[in-house]
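Here you get one chain, nothing else, as structure tokens; it is the form predicted alone.
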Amino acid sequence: MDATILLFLLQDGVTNGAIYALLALALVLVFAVTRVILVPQGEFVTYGALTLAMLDLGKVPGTAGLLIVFAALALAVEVWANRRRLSLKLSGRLALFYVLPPLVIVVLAGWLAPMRLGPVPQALLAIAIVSPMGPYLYRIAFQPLSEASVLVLLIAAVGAHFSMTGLCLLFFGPEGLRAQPLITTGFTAGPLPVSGQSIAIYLAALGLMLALYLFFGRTILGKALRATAVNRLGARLVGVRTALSGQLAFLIAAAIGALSGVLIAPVTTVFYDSGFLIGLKGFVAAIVGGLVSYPVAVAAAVGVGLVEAFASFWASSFKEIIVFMLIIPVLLVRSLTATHTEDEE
């Protein structure tokens, strides 16, 4: 290995690590607020990537129909839960949250998709289509189980993963798709060419981390999420609506997943089931961070990306195994050092 190859591997590792960092942040956020290990986080990545690829072709993406399906199911669950106290006011609130947003987004998608507005507007439209699926998924699968154990929530998350993968196959088919780069220009640093798409990934990752830092530190909603993460019961006692906190956490996670999808769509071909492996690598980084520390999760994500890059050079056939083996010593150390507590505590 010479210096040029080393630089290429470092660039690939940092680029992949930036994507894994975004996913790790989403996983840590959702687990801290709702105790849900969000197994289907990778599906949001797939949805975002395939949506952008379809918009590049000037077609209405299948996620527009998926959004209607998610909204209809969430509305049905909400109506059933409130069947004894339905009123005109409550019906209006339900329509405002479960009917109006998906209809507006689907109409915009049908109107704007044939225009082929360009990579960046199409990326924003793709994120807008996929992001509302997060709170709808929470309402369907996890809010009714909000008081259940972590194990039950994990089983529900696995079920949601398989359901979303099947829906993706139904709406997009088995063929892989790739999108156009968001930024086409690049530069050369010595022997190392830096593509415009890599620049977009770095800028998006850093910008989102800064935005999350400001959101949690400077806004009421961010502080409410932090309160829910620290003490769910205490947050409820002081007036924080924990169900709303869960929906907001899932909204942020879905938006991060969609953003990650539109960032990787131009650099790799994405299939309906590609999100699982991508999300699993973000999960490895989140586990290294203990599912509680954002900075450690980001650092671990970059480390996962570097390990994957060098493993693909030295032992490409075993790179996935090597990456996932990183979790074993971390779990071993935590099992030996952590004190046992009951799930209810």
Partner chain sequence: MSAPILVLEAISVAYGKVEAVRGVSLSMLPGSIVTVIGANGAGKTTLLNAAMGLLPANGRLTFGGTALHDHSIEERVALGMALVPERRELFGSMTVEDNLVLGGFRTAAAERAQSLAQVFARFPRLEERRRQLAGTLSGGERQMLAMGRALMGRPRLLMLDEPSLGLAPLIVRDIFEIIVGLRKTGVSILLVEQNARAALQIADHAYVMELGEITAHGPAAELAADPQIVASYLGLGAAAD
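Predicted model only: the values in this text are computed from it and were never measured. Numbering follows the first chain given and starts at 1.
One more form of this protein exists, namely the form predicted together with the partner chain; it is left out here, but the text below deals with it.
J.: Give a yes or no for Ala249: in the predicted bound form, does one of its heavy atoms lie within 4.5 Å of a heavy atom belonging to the partner chain?
T.: No - in the predicted bound form, heavy atoms of Ala249 and the partner chain never come within 4.5 Å of each other.
J.: For Pro191, is any heavy atom within 4.5 Å of the partner chain in the predicted bound form, or not?
T.: Pro191: no contact with the partner chain in the predicted bound form.
J.: Does the partner chain get within 4.5 angstroms of any non-hydrogen atom of Arg241 in the predicted bound form?
T.: Close contact exists here: in the predicted bound form, Arg241 approaches the partner chain to within 4.5 Å, heavy atoms only.
J.: Report yes if any heavy atom of Arg178 sits within 4.5 Å of a heavy atom of the partner chain in the predicted bound form; otherwise report no.
T.: So Arg178 does not count as contacting the partner chain.
J.: Among Leu94, Ala227, Ala128, Leu112, which has at least one heavy atom within 4.5 Å of the partner chain in the predicted bound form?
T.: The option sitting close enough to the partner is Ala227.
J.: Name the single residue among Thr268, Ser87, Asn231, Thr184 that comes within 4.5 Å of the partner chain in the predicted bound form, judging by heavy atoms.
T.: For this set of options, the contacting one is Asn231.
J.: Heavy atoms within 4.5 Å of the partner chain in the predicted bound form: which stretch among 196 to 204, 138 to 146, 96 to 104, 215 to 223?
T.: Answer to the contact question: 215 to 223.
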